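First, one chain by itself: the form predicted alone, in structure tokens.
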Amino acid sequence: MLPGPVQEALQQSLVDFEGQGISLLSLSHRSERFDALMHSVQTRLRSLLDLSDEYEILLCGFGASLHFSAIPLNFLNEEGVAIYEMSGYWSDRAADEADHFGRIWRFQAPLNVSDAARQQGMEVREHMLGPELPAYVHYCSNETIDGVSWPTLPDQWYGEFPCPVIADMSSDILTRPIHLDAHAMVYASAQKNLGITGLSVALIRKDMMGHARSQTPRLLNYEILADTHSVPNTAPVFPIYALEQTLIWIEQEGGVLAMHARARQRSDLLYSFIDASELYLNDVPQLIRSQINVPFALRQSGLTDPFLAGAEERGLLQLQGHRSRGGVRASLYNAMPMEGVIRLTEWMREFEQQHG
């Protein structure tokens, strides 16, 4: 979902971009105006994320899934090993792709466990690896399909285990404060909280650069992307402008802390309603529930389709669960107003009264 002001800016830009009499779609990616747009995006991102100058900000003309291959090509040599923390669908997909390029250790992510259990898990990892340090640890901070989120991020519990931490934050970047400087790399697709599809953002610590394999494709080599200022070929101008306008909207709305407060309010209302209901069920343990993606099921069989049909009649759209899981899923990205969740719970209450 895009914020209203962003939609309006995009609409106007298609007709007359900044009074120039041309469409944004006609703007050259080699123009001074495009250079200013790139500078604006990178400056605003760095400020909102409180990101130090030790990091490159790359705007990549592909989605997050292609980073699944780019990451091992850039950071994992043929003799090395990487740890993948498995927490759901997308962490599994990332590990599957990395398997093509080197040795991968898959561990069940220690999400809903005590500090002591996390420490025990670390000891298991060190024992299995022996003296060999992993090239990196990869995790997905928020699993959109499973409705699972890391309550304490790995950078806080890996402690003295000295290896780079890489995070897929496609669905929760800019929705909560995160200690990004503890990561070697963070990447995110744009179409959830950063604008529209056709773009991804990669934040990479500069000392990670320069280790890509010789066979790494040019457009997947992070060092080349950095050296060309994210323009190794024709850049996706329209998605980059959408990103800029989204960042401006977040700034005007109060920044990441304001987004986080709204995320908690939205998800707290929906989870409270589900937990008090006899018809709806969310079986994710409370400690690791996502504030961004809330999947739930109806306890009575055969009611999911009527529920979704009634929701659509009321203007509550795209609530069907992922094709791999079914059920219902409410995605509460930054642009979703509280009114959307209120209207959803009103329909849930009405439907339960009809079928409870």
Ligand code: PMP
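These figures come from a predicted structure and were not determined experimentally. The first residue of the shown sequence is 1; numbering continues from there.
Keep in mind that the form predicted together with this ligand is not shown, yet the notes after this line are about it.
Proximity to this ligand in the predicted bound form, single hit among Gln320, Ser65, Gln42, Ser331 (heavy atom within 4.5 Å): Partner contact (heavy atom, 4.5 Å) among the options: Ser65.
The single option of Asn74, Ser170, Thr175, Ser87 touching this ligand in the predicted bound form, heavy atom within 4.5 Å: That would be Ser170.
Heavy atom distance at most 4.5 Å to this ligand in the predicted bound form, all of Thr144, Ser189 and Lys192: Yes: Thr144, Ser189 and Lys192 each sit within 4.5 Å of this ligand in the predicted bound form.
Location of this ligand contact in the predicted bound form, chosen stretch of 34-42, 57-65, 311-319, 296-304 [non-hydrogen atom, 4.5 Å]: Among the listed stretches, the partner-contacting one is 57-65.
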